[in-house]
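The chain below stands alone and is given in structure tokens; this is the form predicted alone.
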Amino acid sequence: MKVSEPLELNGVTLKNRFFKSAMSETMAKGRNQPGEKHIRLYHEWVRGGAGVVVTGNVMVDRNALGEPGNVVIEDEKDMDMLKRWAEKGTEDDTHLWMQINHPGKQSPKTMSKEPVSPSAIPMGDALRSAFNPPRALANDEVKSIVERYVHTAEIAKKAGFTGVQIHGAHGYLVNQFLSPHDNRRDDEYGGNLENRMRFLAEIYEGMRRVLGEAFPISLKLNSSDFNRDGLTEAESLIVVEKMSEMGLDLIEISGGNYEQPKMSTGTDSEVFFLDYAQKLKEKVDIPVVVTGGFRSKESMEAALKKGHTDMIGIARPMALDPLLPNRIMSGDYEKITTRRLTTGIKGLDEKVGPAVGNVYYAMQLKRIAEGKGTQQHTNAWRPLLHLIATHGPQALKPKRRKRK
């Protein structure tokens, strides 16, 4: 079975082709530190058999959060807990990679009075009421944030994590710098694509400097922003070519942002981004992970055998069944179905559907962390009430628009 085969990655061996993609756990304690729930959740995923397990986004600045409950690593205050997390997350030759992130302007009103971005471009009309307008970062602030990414990566390695992932997708800060819609700067970080990707390149170069040549560094990148003036597919391919030349170890393909949520829509029959991955593999010799839409072992095997992807990225199915990889490899599993939640009120579902879905899966992660079984259902009311309790009445305003 192809999914069971190891993958060599710059001198590092990944034991199989299952890649547990990042999901936001929202389980951090009072000052955004990891805790016992993280250890138990990730240990359960290790028991599930994936070759690589990626953490939910770890933020580099306590004053810049994407949502409540984000883990933040600014210093070594939580080193003991980080070491325990890494120890449990790397058992059985599993790789545990820390996803490192900054939300930029995608920090809700409940989290940021004045978020930052490459340029002072507010969210679109549909989201403007839920996000405060950002201010443009000064040049020295950009360089300071680069160093935050690098320092967090250095702490991850010291704690025992076996790799890191730069989150450059889904409209977060790295993606904002890459996007000509969000980045209208006239300094060395704006303008042409080479300048717009300078922020990402400096983060990578800094990480490589402190982590060494053999430590895996991956990048999660949009195949496209799926809007007229955002990062295009052609530009995305150029970014990957450049990062491959610089020595990047692995690329995970995704797409969209809060306003065009390609990453959180679709049907069970759809495997997202395979066409882009095929174009990418014609241009660069770098391991590729496609995440989104894999539900049956047949589709996984076919994608690997055809060379469309080197690893199978899975997220939400492993929130419903954390033992999924082992079950597939042992032959006692056929297909998992992720169903849409509904309140029974069409207009309400259209407003809050994707946000409620995110809360539903976060609730499943907490159940796994507490040693409970997951609850598979389509009732949206409980996660909706949890969303309102966390974010207040403005949670009823749309966080993400439907894909057009």
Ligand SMILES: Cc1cc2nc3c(=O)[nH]c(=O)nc-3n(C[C@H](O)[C@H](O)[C@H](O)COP(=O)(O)O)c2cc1C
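These numbers come from a predicted model, not from an experiment. Quick note: we count residues from 1 along the sequence shown, nothing fancier.
Unshown form predicted together with the ligand; subsequent notes refer to it.
Peer 1: Would you confirm whether the three residues S24, H167 and Y361 all fall within 4.5 Å of the ligand in the predicted bound form, going by non-hydrogen atoms?
Peer 2: Every listed residue reaches the ligand in the predicted bound form, so yes.
Peer 1: Specify the contacting stretch among 102-110, 115-123, 198-206, 311-319, defined as having any heavy atom within 4.5 Å of the ligand in the predicted bound form.
Peer 2: The contacting stretch here is 311-319.
Peer 1: Find out whether any non-hydrogen atom of R295 is located within 4.5 angstroms of the ligand in the predicted bound form, and reply yes or no.
Peer 2: Within the cut-off, so yes.
Peer 1: Do T94 and the ligand share at least one heavy atom pair within 4.5 Å in the predicted bound form?
Peer 2: No, T94 sits far enough from the ligand in the predicted bound form that none of its heavy atoms falls within 4.5 Å.
Peer 1: Is there any non-hydrogen atom of S223 lying within 4.5 Å of the ligand in the predicted bound form?
Peer 2: Because no heavy atom of S223 falls inside 4.5 Å of the ligand in the predicted bound form, the answer is no.
Peer 1: Could you confirm whether S254 comes within 4.5 Å of the ligand in the predicted bound form, counting heavy atoms only?
Peer 2: Output for S254 is yes: heavy atoms within 4.5 Å of the ligand.
Peer 1: So the ligand isn't shown here. In the predicted bound form, which residue out of N175, T162, N183, T291 has a non-hydrogen atom within 4.5 Å of it?
Peer 2: Result of the distance check: T291.
Peer 1: Enumerate the residues of 31-66 that have a non-hydrogen atom within 4.5 Å of the ligand in the predicted bound form, in sequence order, or give none.
Peer 2: Residues within 4.5 Å: G56, N57.
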